[in-house]
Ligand SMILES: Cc1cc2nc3c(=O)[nH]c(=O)nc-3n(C[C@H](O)[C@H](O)[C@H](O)COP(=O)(O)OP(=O)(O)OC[C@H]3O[C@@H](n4cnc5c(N)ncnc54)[C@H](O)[C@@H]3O)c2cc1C
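Take a look at this single chain in structure tokens; it is the form predicted on its own.
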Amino acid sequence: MSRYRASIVYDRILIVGCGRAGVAAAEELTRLGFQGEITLLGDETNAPYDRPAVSKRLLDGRARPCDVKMPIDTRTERTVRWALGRRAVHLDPATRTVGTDTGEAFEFDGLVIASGAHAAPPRDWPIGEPGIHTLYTVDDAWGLRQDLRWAEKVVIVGAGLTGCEAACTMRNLARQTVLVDSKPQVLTRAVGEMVGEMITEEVRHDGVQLRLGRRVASISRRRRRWLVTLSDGEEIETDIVVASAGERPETGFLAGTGLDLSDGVLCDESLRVLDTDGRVIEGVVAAGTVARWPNLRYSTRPQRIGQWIAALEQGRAAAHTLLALDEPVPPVTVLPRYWSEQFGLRIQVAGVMPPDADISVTHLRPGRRESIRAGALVSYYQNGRVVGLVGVNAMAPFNSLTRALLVNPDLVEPAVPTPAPMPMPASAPVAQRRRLYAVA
């Protein structure tokens, strides 16, 4: 028997979104003993899948869409009502129903908004035409995989995690690859400017043609190929263009409901959804990429986190909050963390990288010419507290420190040799000109 009394109050819980957050919420509701009806509503016809596989195994042919199905608790998979291939288009708070593009109306007593986000390429791009792809869903990846069979050259716009992983795959498939990004280095948001600069050299060394610090001005047809014109006037002919930059929270079905949708769905620290006046909406929580909430581990300012592990943890936490009704629940605090393998580098990230943080760099094999490939651990500090870690080919120390951070959010400087001041390169951005230490 669940320790919650929600099974008496809620007969029907509707979860909008079948991604990691939505499925995690369903699994946790089942584990907590909820006896009512749970419905998972999703706009994709595919069964829930591991989204990180979109830019990895699907593209290089190691897996097919059926091979990347998300592992789901067997009890949840058996008892949940699955409503796939239906896109939520309207929420009616008065009748507590969600309408779909199929004309159906799903009633609920409790609602979990886990609708995620969608790709948001520039509106004037000819998305959908042969050779023009986004890379966000399993269908996107599979469609791109089919086109790669005849393509010789690929232009990828966006040098974030997905874009760089896709570029690595293209090079492994012996395709000419051009990577375009407005930042002067790759992976700027994912690993920070300094580590991004070091990884950029590895990407270039692998044969990817980099066009950094530039934007795409236009895309047009040139015979059977595409012509990509950059902001500096350079023209690139290519067979395929992949848009991997830009996403928007999936909140269209919530328009006109009185919720704060300025950037996702605004929530309190426990993931209860708030209206534009800051009042809690009874029986409604949010989780995953769509949720904007104050992660009190770092700040009181509401923000969104789009990583896979964070979505899992938020989904579980949202289920607890929903079943607690109006009883006090602890704030949902998450340590953001993710990883990627590309260009011979295992990149791991935990926590945050504030622009005003102090930085220390530990080279695992100092003196080697390829220092980043030989292993490096970068720590970010605020007020003497470790708030972020980036490891490149540094699995053991990174994993050890991440476990320590999970246990102790107030972790101070790790036990490493006393760092000696290292001068900041003159070419470094102004935002990085802060205390930097190199540790052997």
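Residue positions are given as counts along the sequence shown, with the first one as 1. These numbers come from a predicted model, not from an experiment.
The next section is about a form of this same protein that is not shown, the form predicted in complex with this ligand.
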- [ ] Consider residue 52 of the chain shown here, and say whether it contacts this ligand in the predicted complex, taking contact as heavy atoms within 4.5 Å.
- [x] yes
Open item on the list: So, residue 207 and this ligand: in the predicted complex, are they within 4.5 Å at any heavy atom pair?
Closed with: no
Open item on the list: Taking this ligand as it sits in the predicted complex, is residue 117 near enough to touch it, meaning that at least one heavy atom pair lies within 4.5 angstroms?
Closed with: yes
TODO: Answer yes if any heavy atom of residue 44 is within 4.5 Å of a heavy atom of this ligand in the predicted complex; otherwise answer no.
DONE: yes
TODO: Choose one stretch from 266 to 274, 161 to 169, 295 to 303, 209 to 217: the one whose residues place a heavy atom within 4.5 angstroms of this ligand in the predicted complex.
DONE: 161 to 169
- [ ] Work out which of 191, 88, 317, 350 lies within 4.5 Å of this ligand in the predicted complex, going by heavy atoms.
- [x] 88
- [ ] Quick one: name the residues from 207 to 222 with any non-hydrogen atom within 4.5 angstroms of this ligand in the predicted complex.
- [x] none
